[in-house]
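Only one chain comes next, encoded as structure tokens, the form predicted on its own.
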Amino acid sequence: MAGQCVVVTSGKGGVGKTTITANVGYGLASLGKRVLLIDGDIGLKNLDSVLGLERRVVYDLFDVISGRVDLKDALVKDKRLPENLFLLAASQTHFKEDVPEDKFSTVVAQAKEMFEYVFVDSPAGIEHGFRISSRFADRAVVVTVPEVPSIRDVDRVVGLLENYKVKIDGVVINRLNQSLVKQGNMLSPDDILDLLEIPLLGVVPDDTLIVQAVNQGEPLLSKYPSSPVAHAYLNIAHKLLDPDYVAQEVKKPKSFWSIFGFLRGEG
């Protein structure tokens, strides 16, 4: 049975698609699924560095579509989950427009014969790169941050995905700061869902651990597996496997001073 192609997209750049792709893909692989992550951001490529695999990349997507190598020979195995997690890197010396749609479609079809889940990290915008990343997907995860411009872009992307007949699993709200939400200075998940009218797939809290993990070239799920952010990524992976899965909330551990205040009867 062929696998499923899942595009991770947003329209707007800088919302965290690549970290979502890396960590949710890692989460599914850790749950026993065979996963391939394809970097669709031709010309820029960041997925390999987020995974810490950039030094092991020999061939890339363009080598495959040009017929220079077979798909299986271009794959980079993640040694942390060597049986389940693989990467197909993007080329940094070509442009998105250099990728023919029919060739990319063939790569996706071949990948689906080899893996249960094929994630495509879509580039920003709604031009050629978005089109080839999305048209051949079976499912979509849309990513937004709690900002009106980002949400408007996602609304536009949802319409395009529906035209492509792609099933939308839901929206991931990234970098949510609960303190700002409580103060009325940031949109809440309910506000965002009212604007988008699509299911909620997950909420990823704003956390400096994300930046630390990216800079260290390791998926946060691998580097900080007990953190609230790691649990958020894993919840999303579970929801992709089972839409009825009930997400598990994990609160940040209390600081020394908050515990001290509690003991004094202040909290």
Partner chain sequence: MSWFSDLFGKHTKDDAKQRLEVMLIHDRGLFDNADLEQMEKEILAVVKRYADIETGAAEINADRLENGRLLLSIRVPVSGQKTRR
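All of these numbers come straight from a predicted model, not from anything done at the bench. Residue numbers count along the first chain shown, from 1.
If you look for the form predicted in complex with the partner chain, you will not find it shown, but the lines that follow are about it.
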Worksheet item: Is Val107 a contact residue for the partner chain in the predicted complex, using a 4.5 Å heavy atom cut-off?
Response: no
Discussion item. Is Glu197 near the partner chain? Define near as a heavy atom within 4.5 Å, in the predicted complex.
Written reply: yes
Discussion item. With a cut-off of 4.5 Å between heavy atoms, is Asn185 one of the residues that contacts the partner chain in the predicted complex?
Written reply: yes
Fill in: the partner chain contact at Asp155 in the predicted complex, heavy atom, 4.5 Å
yes
Discussion item. Just to confirm, with a 4.5 Å cut-off on non-hydrogen atoms, which of Glu97, Glu101, Asp138, Asp191 contacts the partner chain in the predicted complex?
Written reply: Asp191
Practice prompt. Please pick, from Ile151, Leu81, Ala124, Leu161, the one residue with any non-hydrogen atom lying within 4.5 angstroms of the partner chain in the predicted complex.
Written response: Ile151
Practice prompt. Within 4.5 Å of the partner chain in the predicted complex, counting heavy atoms only, one of 115-123, 177-185, 72-80, 86-94 shows up; tell me which.
Written response: 177-185
